Ligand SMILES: Cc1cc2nc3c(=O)[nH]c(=O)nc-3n(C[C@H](O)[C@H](O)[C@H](O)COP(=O)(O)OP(=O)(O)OC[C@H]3O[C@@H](n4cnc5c(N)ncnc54)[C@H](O)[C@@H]3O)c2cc1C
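Below you'll find only one chain, the form predicted on its own, shown as structure tokens.
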Amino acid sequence: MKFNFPIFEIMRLNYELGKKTWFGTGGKCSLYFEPKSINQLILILKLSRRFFQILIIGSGSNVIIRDGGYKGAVIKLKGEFTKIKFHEKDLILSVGAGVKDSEISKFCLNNGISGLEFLSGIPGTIGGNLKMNAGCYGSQISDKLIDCTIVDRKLNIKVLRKDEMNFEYRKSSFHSNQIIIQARFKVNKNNKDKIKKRIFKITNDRKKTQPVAKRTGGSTFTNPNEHSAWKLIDKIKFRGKRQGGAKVSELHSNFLINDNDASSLDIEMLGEEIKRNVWEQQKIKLDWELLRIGKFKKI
């Protein structure tokens, strides 16, 4: 495989990674790349993984980058990884792993495609959604999945069928050294007005019940069995609770927000305080849904 571009054209050193997240907090990463093709991605992996840990980041919607930063190489998929194709004859939607959920929702509406309307209620990209089996409004991303194309540990490109993977509530069997680059979904054709109404209802409900206009990271904790995380948080009276510049949303208590120039430590400490109080008062364990990445800042 030949590479006809200089690596420095898509490489940034000591990059302000925290600014790429929805919280807008956190430190720098050692290297940052935005590959636009499979050739570029494989070259980056070949050169970087011998010396650095590798992190794939999507829209940064469900992640806390700690204030000490991430001592590794971060990759954000662009270019050909952000394309959507609809094979109308087979009713199959092919989506690059870097495509945002909002863009898929718009594409489906414009082309009269149903089955993925719920994505209008999820912030993120398809690659990240599949890793965590994201979902809302009674649907999850694995429901319509046919297969995924990945780059494996040996830098081979493989297609994994859905029956070769395991999906659970907010979990999947993808390994950390498997990079999702594309996914295919079985969809349906439907009346555009019906699709539009469904998307409108989801987005309108989300605006009414979630702090979408604030700097947040989405749901903070997964729902324990037979419990809703927000109800558990309300029982300990943490709605509106503050830690430095971080705050529990008054609109939805399972959302933390950067309310006043918060640090990542403020946000994480507030989350840990919630976990501790829920356990002490209700003997129920909350698990983080947000990914916490990097090192704490040295004082």
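Residues carry their position along the shown sequence, with the first being 1. Keep in mind it's a predicted model, so treat the numbers as computed, not measured.
Note that the form predicted together with this ligand isn't included here; everything after this is about it.
J.: Looking at heavy atoms inside 4.5 Å, which stretch does this ligand contact in the predicted complex, given the options 107 to 115, 86 to 94, 190 to 198, 212 to 220?
T.: Stretch 212 to 220 is the one.
J.: Looking at the partner-bound form in the predicted complex, is Thr203 within 4.5 Å of this ligand by any heavy atom?
T.: No - in the predicted complex, heavy atoms of Thr203 and this ligand never come within 4.5 Å of each other.
J.: Consider Cys136 of the chain shown here, and say whether it contacts this ligand in the predicted complex, taking contact as heavy atoms within 4.5 Å.
T.: Contact with this ligand, yes.
J.: Taking the shortest heavy atom distance, is Ser59 within 4.5 Å of this ligand in the predicted complex?
T.: Output for Ser59 is yes: heavy atoms within 4.5 Å of this ligand.
J.: Contact between Met11 and this ligand in the predicted complex at 4.5 Å, heavy atoms?
T.: No, no contact at 4.5 Å.
J.: Given this ligand in the predicted complex, answer whether the residues Gly24, Asn258 and Leu265 all have a heavy atom inside 4.5 Å of it.
T.: Not one of the three qualifies.
J.: Can you pick the one in Ile44, Leu251, Leu55, Ile38 that has a heavy atom within 4.5 Å of this ligand in the predicted complex?
T.: None of the others qualify; the residue that does is Leu55.
J.: So which bits of 107 to 135 sit within 4.5 Å of this ligand in the predicted complex, heavy atoms only?
T.: Sequence-ordered list: Gly121, Ile122, Pro123, Gly124, Thr125, Gly127, Gly128, Asn129, Lys131, Met132, Ala134, Gly135.
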